[in-house]
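A lone chain, given as structure tokens: the form predicted on its own.
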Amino acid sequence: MEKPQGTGDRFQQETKYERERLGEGRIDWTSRPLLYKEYPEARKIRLPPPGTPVLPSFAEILSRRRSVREYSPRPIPLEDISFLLWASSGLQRVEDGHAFRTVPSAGALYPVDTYVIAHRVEGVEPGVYHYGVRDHLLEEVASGDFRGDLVRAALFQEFCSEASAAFVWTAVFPRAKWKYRQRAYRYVYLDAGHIAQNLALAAVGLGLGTCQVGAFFDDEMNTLLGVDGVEESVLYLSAVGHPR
């Protein structure tokens, strides 16, 4: 068999589970990373309860889902942002002391965090915000108009700035590597896919549109969010707004 040459080829081969190596190493339960990332000193915006908006049938939502790249200037209500955050990665239930979310995650470790770059959101000044899952709130990371920075980082895809907001997902790698080691890199991308699909379907139910984006300059996007690109790095993002 020809030895894989590319980075992607090596990634696939070197993160494989193999029967004779599966039991190697022990999990150090004392070194488990924190489950939640928080910004204690940040200005907080309490989100309204996500509620249960009247949605179309699930079959209709699926049939209407599509990538939207043209948006109206109409702002998104904060209530809709609240519902989208909860639907895509919010807390759903607590069982036996464990908090589970609206999406699956390997080992219930939830290594993917959500940031919102707000352009036109009612009751929210333009800026970069982190979603505080535990308390269902937004934490201000940076204030200001970042539409130009976002477009440049997203390979000049203009619709990212024309939408009312962009949801950006990062992987906090140690949260998954602590247990799954190199296999964790597969899982974080799967987790991000689950989250993005929940967002897309929830947005349709609210009469909103989304477009998922995987093409961006990684270092520029990491800088925009203020993450280091090593311990935490951007995986994926989605524009969100009212379709034109």
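Just so it is clear, the model here is predicted, and its values are computed rather than measured. Note that residue numbering begins at 1 and tracks the sequence as displayed.
The same protein also has a form predicted together with a small molecule, omitted here; what follows describes it.
Student: Please identify, from 73-81, 112-120, 152-160, 133-141, the stretch that has a heavy atom within 4.5 Å of the small molecule in the predicted bound form.
Tutor: That would be 152-160.
Student: Taking any heavy atom pair closer than or equal to 4.5 Å as contact, tell me whether Arg69 reaches the small molecule in the predicted bound form.
Tutor: Yes, contact at 4.5 Å.
Student: Consider Gly51 of the chain shown here, and say whether it contacts the small molecule in the predicted bound form, taking contact as heavy atoms within 4.5 Å.
Tutor: Answer no; every heavy atom of Gly51 is more than 4.5 Å from the small molecule in the predicted bound form.
Student: Would Val213 count as a contact of the small molecule in the predicted bound form, using a 4.5 angstroms cut-off between non-hydrogen atoms?
Tutor: Contact check for Val213: yes, within 4.5 Å of the small molecule in the predicted bound form.
Student: Whether Arg65 contacts the small molecule in the predicted bound form should be assessed with a 4.5 Å heavy atom distance threshold; does it?
Tutor: Judged by the heavy-atom cut-off of 4.5 Å, Arg65 is in contact with the small molecule in the predicted bound form.
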